[in-house]
Ligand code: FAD
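Single chain ahead, by itself, as structure tokens, in the form predicted on its own.
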Amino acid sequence: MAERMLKFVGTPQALPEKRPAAERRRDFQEIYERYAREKAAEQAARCSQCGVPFCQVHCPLHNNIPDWLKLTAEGRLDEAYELSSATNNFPEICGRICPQDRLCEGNCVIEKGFDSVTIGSVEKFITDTAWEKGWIKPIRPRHEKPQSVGIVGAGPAGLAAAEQLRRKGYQVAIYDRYDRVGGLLIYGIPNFKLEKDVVQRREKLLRDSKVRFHLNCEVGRDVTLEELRQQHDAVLLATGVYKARDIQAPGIGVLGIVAALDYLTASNRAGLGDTVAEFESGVLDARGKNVVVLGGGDTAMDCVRTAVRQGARSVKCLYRRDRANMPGSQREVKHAEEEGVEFVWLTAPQSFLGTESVTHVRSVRIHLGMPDASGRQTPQEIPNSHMNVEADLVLKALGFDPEDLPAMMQAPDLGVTGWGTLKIDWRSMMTSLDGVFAAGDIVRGASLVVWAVRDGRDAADHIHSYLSNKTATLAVAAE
């Protein structure tokens, strides 16, 4: 079958057909159409099957990418799905929202001169096909274990850990303070990147696998962490980080300046059919407004593209570095530019003008100086380069910090780092409390969904080892 591969020299890269910008800016549907089966096979066949697959090396999950590309090229999609899902709990989600241009595809060895293999689109195609064909079944462990694990957080880390633990036969209960399962997958990521039924069918699969969900349940308010420790044999904290970073500048308190996640959550809730007072009143609706987004990450890209779809009069993104140094996906920037977003590079906000509500963002031009200790060039203000950017709505997409979990969960002995993230033993992923583990953004800081999935899977393995050793110790003591 080797002759089916290595087609990159004669077959150009072809992503799935992208809907025209004028059409897609009017709705929240995903922007890419699906591959036809033969087109997916053709694109998968461009893989060079290199000896050292850098795509796999640079994937946080170390997915067996060349192997399932080869199976796809040969039309063996059921086997391709089995291989893809062996290392990734949510391949169809990662295929949609991972920044492949920075991870697998960006490290494809044929990328220079031939364009990379369209790994993410093929990954999405494989798993969507598996859902349609009914190949994805609820988990039925060979042996049910009596031990139970409580998981705090129904985001990607918690859901991935729940699936892995359920496969091993543990009784799993997930606690989340929100009313839906998915965390940022539901409330933080817009539909044009990830339609919500994609997440909801994963929820149904876990429910059918007998994972129990306790929603609208906040640890510290409705139940304490100590109570969870008494109810379960192990506890995993996978809360994510939701506290928005702020900016200290004159005028920051006027109306019309809001956190990015508040804005995205309101938009997603409205799309799900919820009544959102701030959205209905227009406070968190960009329609007819001049919108300015501060930041250059993926959350900022979600904000600018959401504002376009809500009918904003103008949408500008202010970022203090240039395009080459922004942390967000370059592919997302390109999508946003196609949809009419204006990027104002090398610009930083200094103050906000307006008496009752914001009218302008007072900004200054930036010059990138010498690299700092991290290797990034240091932004330096250019004297006398100020300008006012018109704004009726300012969205702060400056990143996220962890909340004070020891105080929130009434667990003062829960150790944290200097950054406020949970302190764990990296060999076991256990916190300072025995039997309490942690995974995802609450440990590593705000990061990618694919890293949360990786952490959730690793945590499940460590919890399994902990409970197995505990059971063995008790058995020896009983003899």
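Predicted model, so just to flag it, every value in this text is computed and none were measured. Start at 1 and count along the sequence shown; that's the residue number.
Keep in mind that the form predicted together with the ligand is missing from the display, and what follows is about it.
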| item | value |
| --- | --- |
| The unique member of T421, S447, S432, Q410 whose heavy atoms fall within 4.5 Å of the ligand in the model of the complex | S447 |
| Partner-contacting position among A238, A161, V149, L395 - heavy atom within 4.5 Å of the ligand in the model of the complex | A238 |
| Contact segment among 153-161, 246-254, 205-213, 139-147, judged by heavy atoms lying within 4.5 Å of the ligand in the model of the complex | 153-161 |
| Residue contact check: Y175 to the ligand in the model of the complex, 4.5 Å heavy atom | yes |
| 4.5 angstroms heavy atom contact with the ligand in the model of the complex for K193 | yes |
| 4.5 Å heavy atom contact, T306 and the ligand in the model of the complex | no |
| The ligand contact in the model of the complex: G188, any heavy atom under 4.5 Å | yes |
| Three-residue site P20, F125 and A312 fully in contact with the ligand in the model of the complex at 4.5 Å by heavy atom | no |
| Residues of 13-42 having any heavy atom within 4.5 Å of the ligand in the model of the complex, listed in sequence order | none |
